[in-house]
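Before any questions on binding or motion, here is one chain by itself as structure tokens, the form predicted alone.
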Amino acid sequence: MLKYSFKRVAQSAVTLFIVVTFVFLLMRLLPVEGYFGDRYDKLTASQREAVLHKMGLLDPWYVQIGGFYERLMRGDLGTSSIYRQDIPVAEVIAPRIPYSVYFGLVATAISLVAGLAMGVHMARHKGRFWDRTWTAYVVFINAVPLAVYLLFIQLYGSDLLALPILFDKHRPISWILPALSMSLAGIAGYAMWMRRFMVDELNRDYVKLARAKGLSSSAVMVKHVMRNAYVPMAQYLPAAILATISGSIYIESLYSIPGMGGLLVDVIQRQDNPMVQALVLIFSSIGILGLFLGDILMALFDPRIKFVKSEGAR
């Protein structure tokens, strides 16, 4: 188990390095005009060159990325060059983290409770009215573009429920619509996974044997089917939870939530390289950590998984 964990940590580190490096190089391909905003036409060629030199953008790409990782090893995420000029990136991001974490945790709780309950209900009523109804919801969430139904919820949900249309940290009632919007995809995902696993378990021989022994349908569901259905879901729960905590970029922008998601959109538009690199590093780390925890939980919870000593893999 320990050897397997170290191997997965190494794989995760390599994946994170590739993602961050790729984004780093892509940002260097953007036109240099974006680094100046509306000042570009007001500066002379020598002044523009001096600004680019100060940012380190005139150095070869391998020198730039080497300097980035050297600073990163010291815990330095860099300094904002445009969004908040000459302010440390960590200082800009720190106040926004609580918003993304709060909405992520609330949305995760809603998704887990509602999604798993919906999945159980669908499996118990397979092929009947409620199964078809919730399946229609899942299909709708996956088929309709995110922007369409989220805009619909924001515009009409605020009127029907008498809720504020934009986030206000001083009005807790304005937090309801963003949290619900952020949980919709999670509910659909958990419901579909739970239904699938439970339907698979219902067809197992041990379920037929339990029923033959006289156990009630409720007892079979709770003690056997649901218990075993949670095991494969353990692999996906951490990734889904951590992805939700990282916050929805579109939803934070839509409701004007001052979290990390909306900030990422803003700094990409402004070509603030240090800010983009730091945020991509954070979001990528969250996603990779979720996948890693999913593999570990799957290995711990499923007794059928064995580790081969010679390969250190399951």
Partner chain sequence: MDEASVIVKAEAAAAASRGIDPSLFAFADFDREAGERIGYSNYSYWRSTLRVFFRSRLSVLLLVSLGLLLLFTFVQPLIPGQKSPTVIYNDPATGTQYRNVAPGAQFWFGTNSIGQDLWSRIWSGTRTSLLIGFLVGIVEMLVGILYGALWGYVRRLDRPLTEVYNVLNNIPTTIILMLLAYILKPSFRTMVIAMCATGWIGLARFIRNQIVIIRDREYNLASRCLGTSTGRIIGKNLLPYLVSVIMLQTALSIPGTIGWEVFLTYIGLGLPVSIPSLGNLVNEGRRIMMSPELRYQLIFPTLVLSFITISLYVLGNAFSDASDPRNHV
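C-alpha atoms forming the largest set that superposes within 1.5 Å between two forms make up the rigid core. Residue numbers count along the first chain shown, from 1. A quick note: this is a predicted structure, and the numbers were derived from the prediction, not measured.
What comes next is about the form predicted in complex with its partner chain, which is not displayed.
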Report summary line: In this chain shown alone, the residue from Trp61, Tyr40, Tyr250, Tyr69 with a heavy atom within 4.5 Å of its partner chain in the predicted bound form is Tyr250
**Report entry** Residue stretch of 133-141, 172-180, 106-114, 70-78 approaching its partner chain in the predicted bound form, non-hydrogen atom distance within 4.5 Å
**Finding:** 133-141
Requested in this report: Decide whether Val148 counts as a contact residue for its partner chain in the predicted bound form under a heavy atom distance cut-off of 4.5 Å.
Outcome: yes
Query raised in the report: Do Phe152 and its partner chain share at least one heavy atom pair within 4.5 Å in the predicted bound form?
Result: yes
Requested in this report: Report yes if any heavy atom of Val19 sits within 4.5 Å of a heavy atom of its partner chain in the predicted bound form; otherwise report no.
Outcome: yes
Requested in this report: Would you please decide whether Val23 lies within 4.5 angstroms of its partner chain in the predicted bound form, comparing each non-hydrogen atom pair?
Outcome: yes
Report task. Check, residue by residue, if Val9, Tyr102 and Met118 all come within 4.5 Å of its partner chain in the predicted bound form, counting heavy atoms only. Result -> no
Report task. Between 268-291 and its partner chain in the predicted bound form, list the residues on our side with a heavy atom within 4.5 Å. Result -> Ile268, Gln269, Gln271, Asp272, Asn273, Val276, Val280, Phe283, Ser284, Gly287, Ile288, Leu291
Requested in this report: Determine whether the C-alpha of Ile286 shifts by 2 Å or more between this form and the one not shown once the rigid core is superposed.
Outcome: no
**Report entry** Post core alignment: Leu254 C-alpha displaced by 2 Å or more between this form and the one not shown
**Finding:** no
Requested in this report: Take the rigid core as the frame of reference and indicate whether the C-alpha of Met27 shifts by 2 Å or more between this form and the one not shown.
Outcome: yes
